[in-house]
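Before any questions on binding or motion, here is one chain by itself as structure tokens, the form predicted alone.
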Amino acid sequence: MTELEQRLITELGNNFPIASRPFAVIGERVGLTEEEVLARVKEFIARGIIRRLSVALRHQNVGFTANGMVVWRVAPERLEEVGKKLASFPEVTHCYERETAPDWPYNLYTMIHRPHREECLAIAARLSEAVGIKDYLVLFSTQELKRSNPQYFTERG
């Protein structure tokens, strides 16, 4: 990957301009025209370098202060089925399989963001009913210590 491509990917992932022509602004930052930026983005997608462009909403800034991580204990033979079902709910923003530990049997994790804890608990109960898994916990975050976009290319390499 060239230095220009790395700079372009960095610009796409950080400080995306809120402007009527954001790709023109990014192009000015890296020395390309708007058309060249769009062509490179399409090329990156075609090459599988980037999957998509999307917005990352800072949910706490818009009032979604209850962040519930629901941890599920799922039989290994049902993991894929249950994971796909849970991931299909619009309220679930993340769905991951994780390894268990000797004193931690939960192997599937989902995230729910709502304005109030009670809403997260009600959604978790509805999810539980939908997948037939009763062994779960809802863990609420108490403080956000860091939230940032991934830094793939830095001056340190």
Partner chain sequence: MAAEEKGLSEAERRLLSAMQDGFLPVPEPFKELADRLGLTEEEVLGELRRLKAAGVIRRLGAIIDSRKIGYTGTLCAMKVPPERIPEVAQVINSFPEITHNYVREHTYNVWFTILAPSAQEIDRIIGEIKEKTGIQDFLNLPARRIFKIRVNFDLEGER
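Residue numbers count along the first chain shown, from 1. Everything numeric in this text was worked out from a predicted model, so none of it was measured. C-alpha atoms forming the largest set that superposes within 1.5 Å between two forms make up the rigid core.
Unshown form predicted together with the partner chain; subsequent notes refer to it.
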| query | finding |
| --- | --- |
| 4.5 Å heavy atom contact, Arg21 to the partner chain in the predicted complex | yes |
| Residue contact check: Thr93 to the partner chain in the predicted complex, 4.5 Å heavy atom | yes |
| Any non-hydrogen atom of Leu4 within 4.5 angstroms of the partner chain in the predicted complex | no |
| Residue contact check: Cys120 to the partner chain in the predicted complex, 4.5 Å heavy atom | no |
| Residues in 104-136 with any heavy atom within 4.5 Å of the partner chain in the predicted complex | Trp104, Leu108, Tyr109, Met111, His113, Arg114, Pro115, His116, Arg117 |
| CA of Thr142, rigid core aligned, shift of 2 Å or more between the shown form and the other one | no |
| Pairwise C-alpha change, Gly48 versus Thr93, in the predicted complex against this form - closer or farther, 3 angstroms or more | closer |
| Direction of Cα pair change Gly48-Met111 in the predicted complex, magnitude 3 angstroms or more | closer |
